[in-house]
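One chain comes next, on its own, written out as structure tokens in the form predicted on its own.
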Amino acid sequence: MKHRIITISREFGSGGRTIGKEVARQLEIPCYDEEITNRIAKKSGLAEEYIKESGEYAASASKIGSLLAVKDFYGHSIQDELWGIQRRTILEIAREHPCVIVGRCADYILKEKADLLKVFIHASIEKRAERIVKVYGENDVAPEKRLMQKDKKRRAYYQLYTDEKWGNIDNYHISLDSGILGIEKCIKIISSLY
């Protein structure tokens, strides 16, 4: 089967964004990551910084906290509105041309597409902690704690809007451990499957 769209879901610090961008470069197709944020900002009028932080992460890492968020007359929070715009934007991008889409529940949003390759990138906490210090530098928060906080918010966001478990292998066609395989090998595997 020929794949038109690749979605990359990833644990924080696993290199999923880097892998997605390089796969797209090698396949000579667009990669959508920050570009989705730009499109959503234009459509919604919301600040790009807000979209970057709220487009993949639940404001509260608990479902109850998300349910208690400020709602409008119709019961929608700003994050719910953002989800709707993000969903429509991803569907629009998928109709335009072959591409790689990093994060933002794209695997779920596009799950009905026959020409979709859904990838999950993960690694051990030790490998991810080592990588985020190397890539993002030191921080006041211990790397392991940063990883757990980001992943907890991604997990809560994914479950809130998809009602599925983030990282569950049944939701993906392939799951790759970038800590064992390495970034380059992950890129080769995904590119060859495309």
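Keep in mind that what you see is a predicted model, and the values were worked out from it rather than measured. Numbers follow the displayed sequence, beginning with 1.
Another form exists, predicted in complex with another copy of the chain; not displayed. Remarks below refer to it.
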Segment that reaches another copy of the chain in the model of the complex - one of 131 to 139, 25 to 33, 44 to 52, 164 to 172, heavy atoms within 4.5 Å: 164 to 172
Within 4.5 Å of another copy of the chain in the model of the complex, all of 80, 85 and 87 (non-hydrogen atom): no
Residue 117: touches another copy of the chain in the model of the complex, heavy atom cutoff 4.5 angstroms: yes
Distance check, residue 185 to another copy of the chain in the model of the complex, heavy atom within 4.5 Å: yes
Residue 19, heavy atom within 4.5 angstroms of another copy of the chain in the model of the complex: no
Partner contacts for 171 to 193, taking another copy of the chain in the model of the complex and a 4.5 Å heavy atom cut-off: 172, 173, 174, 175, 176, 177, 180, 181, 185, 189, 192, 193
